[in-house]
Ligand code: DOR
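In the block that follows, a single chain appears as structure tokens, in the form predicted alone.
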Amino acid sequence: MSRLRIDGMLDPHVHLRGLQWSHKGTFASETAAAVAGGYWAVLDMPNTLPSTVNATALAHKRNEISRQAVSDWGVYFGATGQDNTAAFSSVVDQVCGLKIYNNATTGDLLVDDQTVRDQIYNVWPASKPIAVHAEGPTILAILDLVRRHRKQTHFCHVSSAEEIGYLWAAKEEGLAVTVGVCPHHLFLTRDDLSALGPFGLMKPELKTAADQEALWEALDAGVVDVIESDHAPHTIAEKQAAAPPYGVPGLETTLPLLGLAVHQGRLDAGQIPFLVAEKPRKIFGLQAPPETYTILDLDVPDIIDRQNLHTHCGWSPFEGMQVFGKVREVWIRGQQVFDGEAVLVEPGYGRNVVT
């Protein structure tokens, strides 16, 4: 096993915060977490306020990330239930893709009307993928749109046996779909909620052990395309409040958890670069710059400890878990940006991957 080189790690599903939610995390702090987790680049979701649903909000977010990021980055545009399709043609070249929230989650971007979804699919240019939050039977409704419009669709954070079954069949049908799965659904179940409390609340929620096993089976069968973190930090105080928000951090724990899976015999080390780098880049049509890579030492045991995290929120649902794998080096464009302990570049070093 020993050391593994991963070229151009990309997480296509993160919530970097910043903007009106800078108390949860800044673009500087959360891209620092990204490079500490081994990532070259991250793709930021549109539901941090103000939501990225018009040209003005998009320009503001791009400017703020550009000033602060230490990793490379891209942003999504968000669809709305109030029909913002008129903006699609003017923003498509500035974003990595479109995000549609088809079930309730953080933010106010729910699109639960199938007629509106159909219009969104009809108008969004085929040059960039559509990423969807879709749970349970809603996946079947989205697959109908994929079938009708033939537009590449990435299903984020698939979490149940039911959902993976729908998408397994869709792939066998030849539909243009890809599947993302999160480490928290691979390593935690609803049985862990009694210990985790609000720190185990996320969307989609934790599922049963049987659901978890279905995800591993799909991963082994090659149905899962991407391991994505769905990094979504909230402060400890917010999580301990009477109505805690959904979401957990994950950028810094994904590789160590995959290293644990290798040591458990559930994953081959050679699958890691495919799941966290090669396939995500292919889905979003991105090429990593020359001399952009991560060195992961797979043989190093470690205990996940909040004191070692770079994310501003300062906690992890995996705290105390023994894992395997230490990020030793991260290089972006020939510049070492992380040495295994510290971030070595200043805010603003990161570049937009969407030109």
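Each residue number is its position in the shown sequence, starting from 1. Owing to the predicted nature of the structure, the values given are computational and were not obtained by experimental measurement.
What comes next is about the form predicted together with the named molecule, which is not displayed.
**Q** Which listed residue (Gln119, Gln152, Thr105, Asn84) meets the criterion of a heavy atom within 4.5 Å of the named molecule in the model of the complex?
**A** That would be Thr105.
**Q** Which one of Tyr246, Phe274, Trp216, Phe88 is close to the named molecule in the model of the complex, taking close to mean a heavy atom within 4.5 Å?
**A** Only one listed residue qualifies here, and that residue is Tyr246.
**Q** Which of these stretches, 250-258, 169-177, 138-146, 195-203, has heavy atoms within 4.5 Å of the named molecule in the model of the complex?
**A** Looking at the other structure, the answer is 195-203.
**Q** Is it the case that Asp230, even though its partner is missing from this view, gets within 4.5 Å of the named molecule in the model of the complex, heavy atoms only?
**A** Yes, Asp230 sits close enough to the named molecule in the model of the complex that at least one of its heavy atoms falls within 4.5 Å.
**Q** Taking 4.5 angstroms as the cut-off for heavy atoms, does Trp73 touch the named molecule in the model of the complex?
**A** No.
**Q** Please check if Arg281 has a heavy atom lying within 4.5 Å of any heavy atom of the named molecule in the model of the complex.
**A** Result no; Arg281 lies far from the named molecule in the model of the complex.
**Q** Although the partner isn't part of this model, could you tell me whether Asn47 comes within 4.5 Å of the named molecule in the model of the complex, counting any heavy atom of the residue?
**A** Asn47 belongs to the contact set for the named molecule.
**Q** Across 133-155, which residues bring a heavy atom to within 4.5 Å of the named molecule in the model of the complex?
**A** Read in sequence order, the lone residue that approaches the named molecule (within 4.5 Å, in the model of the complex) is His133.
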